[in-house]
Ligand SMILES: C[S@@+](CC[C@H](N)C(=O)[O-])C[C@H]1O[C@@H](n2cnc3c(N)ncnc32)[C@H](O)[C@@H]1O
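Only one chain is given next, in structure tokens, and it is the form predicted on its own.
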Amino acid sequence: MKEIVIIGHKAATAPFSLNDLPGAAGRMDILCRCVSSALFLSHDLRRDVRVHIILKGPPDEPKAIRFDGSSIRYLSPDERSSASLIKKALEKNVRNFWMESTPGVSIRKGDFGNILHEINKKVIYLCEGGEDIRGKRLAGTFDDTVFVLGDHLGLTGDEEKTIEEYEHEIVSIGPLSLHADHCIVLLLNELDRKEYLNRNVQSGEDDYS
């Protein structure tokens, strides 16, 4: 599984109106676009991707919601579809362990540090100023890494310190500042290309360039 964690610093931690995702829901629109960007292909889903969104806004303590591409159901590419599944998850009596709300969607209490501890993999932190991803020799399957990025506010100093507790690298997607969902699309495209090249090298075929 490719693991992706996105932190929503203002994202609502209780059920919210689907009619005001950017406002009352605390920029939930950003997280919804990230979910779609991480999971959708043309006419298909990325079955090997798991997305964790960390909700840190009011009124409750932080919660995490997990979208599993291998088992997700009832998800469409539009923001409202993702938001509806998030809202349904928040309607549960959330505990300190994962609880499935709909097929492929689970929720638990917990902050960024709890989720990194649970995943327990090398962290690739997507951040401006990091090393260009096209110069990185990332692992072929990416099963041993978790990719982390922030919302429009980036990551706090404390969150960056949490990353430093793990083996980690800081990687940039490109020279310009981009929206989080665009970063995810470009990240996965780079991983697709590296995996394709690795398969061809192993099979002795020419690359696609």
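Just so it is clear, the structure is predicted and the values come from calculations on it, not from any experiment. Throughout, we count residues from 1 along the sequence that is shown.
One more form of this protein should be noted, the form predicted together with the named molecule, which is absent from this view; the next part is about it.
- Contact annotation: Val51 falls outside 4.5 Å of the named molecule in the predicted complex, judged by heavy atom distances.
- Though the partner is left out of this view, His152 does reach within 4.5 Å of the named molecule in the predicted complex, counting heavy atoms only.
- In the predicted complex, the named molecule lies farther than 4.5 Å from every heavy atom of Leu55.
- Within this chain, Cys127 lines the site of the named molecule in the predicted complex, having a heavy atom no more than 4.5 Å away.
- For the residues Thr162, Ser36, Thr145, Ser172, the 4.5 Å heavy atom test against the named molecule in the predicted complex is passed only by Ser172.
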